[in-house]
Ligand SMILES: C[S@@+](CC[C@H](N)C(=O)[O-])C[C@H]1O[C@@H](n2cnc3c(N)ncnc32)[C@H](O)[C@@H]1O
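We begin with a single chain expressed as structure tokens, specifically the form predicted alone.
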């Protein structure tokens, strides 16, 4: 599914979010409190936008590894990094079974990916495993806004598969996307899931754009 949408993934992200997803990714990096020279693992990196932002924040001496299980996405991430003269290490890996030694990174992130994994608690534990003690696991994911925004967002989400089909010829993947967002635990519910993983000393959520997206930060025990 991800391979099928990879070529039009960036275009659709910009159009369907009106470009706001880029602001969300910059905010994710800010909340990670990454600093010069740190080592970051970005899981389910897609076409590399979040990993590239982490590299910018960690500077010339920082190391960012962008991982994904979809080779088509990884190829696009590598090309994008090269085009922007960004040094990015691209690795094919499953977020549920990371081929990385424990306590090897200052932070680990996943943007719009944990919603798609088979076992979310296992994913959280695996990300925490590869991060140093007191390091951060940072998750950017869609939410479900409340109030009047809930109604407007639901109406808009009905048109997303149609818009995706008009632009890319692919509808099913975006139909899955909107359905998976509705089922995903949001805000305090996801924080409770993080607490169940029992790998964080503290967890908190940050609401973005009326709750259309959230950033979750866990401090590794």
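Numbering follows the first chain given and starts at 1. Treat the numbers as computed from the prediction; the structure is a model and nothing was measured.
Although not depicted, the form predicted in complex with the ligand is the subject of the following passage.
The partner is not drawn, yet in the predicted bound form one stretch among 58-66, 183-191, 149-157, 45-53 has residues with heavy atoms inside 4.5 Å of the ligand: 45-53. Contact annotation: residue 94 falls within 4.5 Å of the ligand in the predicted bound form, judged by heavy atom distances. Within this chain, residue 209 is remote from the site of the ligand in the predicted bound form, having no heavy atom within 4.5 Å.
By the criterion of a heavy atom within 4.5 Å, residue 135 is excluded from the residues contacting the ligand in the predicted bound form.
The shortest heavy atom separation between residue 200 and the ligand in the predicted bound form exceeds 4.5 Å. Within 4.5 Å of the ligand in the predicted bound form, a heavy atom is found for none of 161, 164 and 179. Taking a 4.5 Å heavy atom cutoff to the ligand in the predicted bound form, the contacting residues in 101-140 are 111, 112, 113, 116, 117.
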